[in-house]
Each structure stands twice: as structure tokens, then as C-alpha cells.
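The chain below stands alone and is given in C-alpha cells; this is the form predicted on its own.
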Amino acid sequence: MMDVVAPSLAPVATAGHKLRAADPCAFVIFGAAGDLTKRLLLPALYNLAAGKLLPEHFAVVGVARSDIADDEFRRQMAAALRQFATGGVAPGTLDDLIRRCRYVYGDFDDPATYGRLKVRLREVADSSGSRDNCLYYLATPPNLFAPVACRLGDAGLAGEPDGTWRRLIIEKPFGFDFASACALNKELLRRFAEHQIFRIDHYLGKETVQNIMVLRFANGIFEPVWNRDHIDHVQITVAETVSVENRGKLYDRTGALRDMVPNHLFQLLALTAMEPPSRFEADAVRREKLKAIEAIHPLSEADVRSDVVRAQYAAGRVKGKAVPAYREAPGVARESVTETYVAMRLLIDNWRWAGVPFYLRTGKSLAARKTEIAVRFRSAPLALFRDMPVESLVQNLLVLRIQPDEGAALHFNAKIPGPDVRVENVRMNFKYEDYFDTAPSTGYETLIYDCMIGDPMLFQRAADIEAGWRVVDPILAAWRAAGGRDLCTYAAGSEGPAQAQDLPARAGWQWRAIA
């Protein structure tokens, strides 16, 4: 068996280490009527409450456009919790959380909305003792990030007087390209200091993602071989079975590259490729992650043509269900060249990774839902086994499964029982659910808790966001120059476009199967 010590999926105390409750605060949700609030944020807050990690003095303040009373908002939130809670609800915990809910109505561009919010926050502070600490969660469309932040600043709700704190949580996407990301960061920093801004990436709340650093740096069997001398290549996959469904109008302006690569995939790459930080502390960890992204070899237009594949799903079947072509989805242009799949081969220009390709891919309407990092090690010398079929001797492989089955697997060669020497590939499998008693989670619990206690380790800084877009911008430019001539197609429910297989095939490899 393989034992790996790791923090639990939600922030749960371990033996000898009791986590403290978060600081007293008001949790303000802009966009409180939306799906993100109902499906993820509220269930995450419930799980924190059930784990005794919410402060005694705590309130949820929803901000949305509908003119409803507190009681109606509480009724809606209670109904959402009963529907979307990850593991059922205990009446006492649910009632306690719901009674803490307040509501402010108004348009996000209207200064009067922020006047009403200011009054409500004063009432909350006076009645609950939250000391004016505020966590603003922007569960809004991206075009509202900067306007809401500016309105908060103009209303005097961004400052941190008398030892209180104000923090701003922003969902992705962080910009549309390098220029817009820089402009967004500039606007945010006009009202909030960098230490107040928490750019959230829910993938970093996944247990296996957080465990990458523990696996690498707390185990002497891995760190000495985590380099170009022992690793042949790395594959990072984020595959989804869902289509664009009813989000076609929004997705057609974004695409798989913008939606997934500069944030999710590059964060996975950074955690895999980063150098050991000097200490397990936010600035040190984020500094090394940034260096890894900055070391990605810049792509020329010729590199994009040879090392990047974009594709769009055609009609097919996903898990037995018929899926129409992307261009048939509501809101999608009938001649759209927006990609729903992207694969790429990247190199990292530093001493540790020189010459080691990193293969990244992500797409919608694929054969299975799977997020994983697969590290392929180089072959041992095979002279001792020269008389055996070469195909029976496989390279060692470490697979870090992020979703849906969180864990890790180590593949290696072993002798088949019997009088002669025959070799077969075997797998040593570790599953979190088998080793740890972890409650069902949304993936947001750790991130929200860290925001409340002011720990920014799992969040991106302005420089991190901009570094990712620097890598992606040349790809976007090359695609614009090509028009749609380089766009491939793949059947919904398949492994992706055949052209993507050429990326690892040039080195004699193939992608790991998704399904």
C-alpha cells in the first residue's frame, strides 16, 4: 500500500492540529441569485458551518437585482441548500446558517445599491460584532468585476480602518487576453491593494492539486527523480463530457483556450514543474509557481502551427445521449471557428525541465470526465531483459487523479508468478476515500476558509495572471491569422481530434485514454 499524508478535501482538523474558526466577517455575494451561489457557494458555507469553521459572528449578505425581502431570500437559499448540499443537511445547522442571511437589492452599476449595502453592513456589524470585516465575492459576469470593485471603493467599502479587513474574491476568467488582463488588474488595484484581492481558481481547492506539493516535497522517493534526467514527459488532461448546452452565446466569445489554459491547466503545470519553495508559505510558493510559468518557452507562429491543435466537436453521442454539433447549440454562430478543444506541446526553459515536453489538453463533449496529471518516467536499461518482448516492459508512470476519482496511481513492472520470468505492468493505487474520512465537498470550502483567515497561498496574483496570458497571446494571434483554416473537428463522445495524437506521436508516445 502507498500511504500519503495530505490535508483533507475540506479544511478539517487532523490529529494534534485543530483549525481555528475563521475571523468574524460578513460574506457579501454579488450575484446571489445565480447558479454559482446556489450550487457551490452556499453548500460550501454549509460544510464549513458543519465543520465548526465559521465564526460565531458571521453573516451572509446577498446582493442581486430582484427587489425581495430578507425572508424571501432566506427561503430561496434554504431551498437551494436542500437541493444542492453535498451530503444532506442537518436541520439545526441549516437553520443557523439561513438565519444569518440578509439581502440587498439593486443594480450593480447604481451607486444607491452600495449605499444600501453600506447601511446593511453597519447593521450586521452592530448586531453580530463582525467588526466591519467584509469578504466580497463577485459571482457576476466578468464585465462587472471592475465596475463592482470601483463602486465598492467609491462607497468607502474597500478601505481597512482600525485593523479591520476587506477582501475581494474574483472568479475566472481574468481578462480576455494579455491586454485586457492587465487592464482589469489595473482597475482592481485602483481601489483595492494586491493583498486584498483573491483571484480564485476552484481547481486549486481539489485535494489532489494541493497534494502535489506534499507528494513531491515530502517524499524522498519522488523529489530526487523529478527532473529531466528521469522524466520523459508529462501529460495534463482536463476532459469534460458536458457540451456548451445553453451557454453558447457566452462560450462562443471565449473558447477552450481562454476558458481553461491560462488558469486551470497552467496552475496544474506550475505545481508540477515548480522548484521547491524556501518554506511552505504563500509568497514563497507563489513565487516559484510564477517562475515555472514564466519559463514556458515562447511560441512563435510556426510553433503554434506545429505544436498546438484546436478543434470543435461535431454531432455524436456522450454516454449514450445524442449531442448536436457545437454550431447547432443555441447562441453559437453557424460558421463559428471557436474551439471547444485545445491540445499543445510546451517546453520549459530551465535546468530541471530542459528538453522534457509537457502535453496539455482540454475539451468539452469528450468520452469521459477526467482531470489528471500523468508523469512518464524514462526507461531503465533493458539489457538484462533483452530476450523479452519490449512491449511487455513499460516505463514507470505516476498518475495524479484530480477528478472524479481523487487519488494517485504508480505503474511499474512486476514478475508474473510462475517458473519462467515473464513481466507485466501492475498498478499501485491510492484513493482518498479509502484512506481518509472526508465529507463530500464542493471544492470551494478550503478556498473560502483561506480567504476568511487571510491565507493567499492558493490564489493568484496579478503577475501570475499576466504571465499565463503572455504564453497564450501568441496562440490567439496565430489563430486569428489562420482564420478557421486550422480548425479540426471531433465527434462528441470521442477521445478528441485525430490531429492531437500527432503531438506525442512525434516522440513515439500517445495520449492516455480518456475513457
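When you see a residue number, it is the position in the sequence shown, counting from 1. Keep in mind it's a predicted model, so treat the numbers as computed, not measured.
In what follows, reference is made to the form predicted in complex with 6-O-phosphono-beta-D-glucopyranose (BG6), a form of this protein that is not presented.
Novice: Considering only heavy atoms, tell me if Arg151 and 6-O-phosphono-beta-D-glucopyranose (BG6) come within 4.5 Å of each other in the predicted complex.
Specialist: The answer is no: Arg151 has no heavy atom within 4.5 Å of 6-O-phosphono-beta-D-glucopyranose (BG6).
Novice: Might His233 be said to contact 6-O-phosphono-beta-D-glucopyranose (BG6) in the predicted complex, defining contact as any heavy atom within 4.5 Å?
Specialist: No.
Novice: Considering non-hydrogen atoms and a 4.5 Å limit, does 6-O-phosphono-beta-D-glucopyranose (BG6) approach Arg378 in the predicted complex?
Specialist: Because no heavy atom of Arg378 falls inside 4.5 Å of 6-O-phosphono-beta-D-glucopyranose (BG6) in the predicted complex, the answer is no.
Novice: Even though the partner isn't displayed, in the predicted complex is Gln403 close enough to 6-O-phosphono-beta-D-glucopyranose (BG6), meaning a heavy atom within 4.5 Å?
Specialist: Close contact exists here: in the predicted complex, Gln403 approaches 6-O-phosphono-beta-D-glucopyranose (BG6) to within 4.5 Å, heavy atoms only.
Novice: Which one of Arg166, Arg191, Lys172, Arg345 is close to 6-O-phosphono-beta-D-glucopyranose (BG6) in the predicted complex, taking close to mean a heavy atom within 4.5 Å?
Specialist: Only one listed residue qualifies here, and that residue is Lys172.
Novice: Would you mind picking the one in Arg327, Arg286, His202, Arg120 that has a heavy atom within 4.5 Å of 6-O-phosphono-beta-D-glucopyranose (BG6) in the predicted complex?
Specialist: In short, His202.
Novice: Would you point out which of 270-278, 141-149, 362-370, 112-120 contains residues with a non-hydrogen atom within 4.5 Å of 6-O-phosphono-beta-D-glucopyranose (BG6) in the predicted complex?
Specialist: After filtering at 4.5 Å, what remains is 362-370.
Novice: Heavy atom within 4.5 Å of 6-O-phosphono-beta-D-glucopyranose (BG6) in the predicted complex: which residues of 248-278 qualify?
Specialist: Asp259, Met260, His264, in sequence order.
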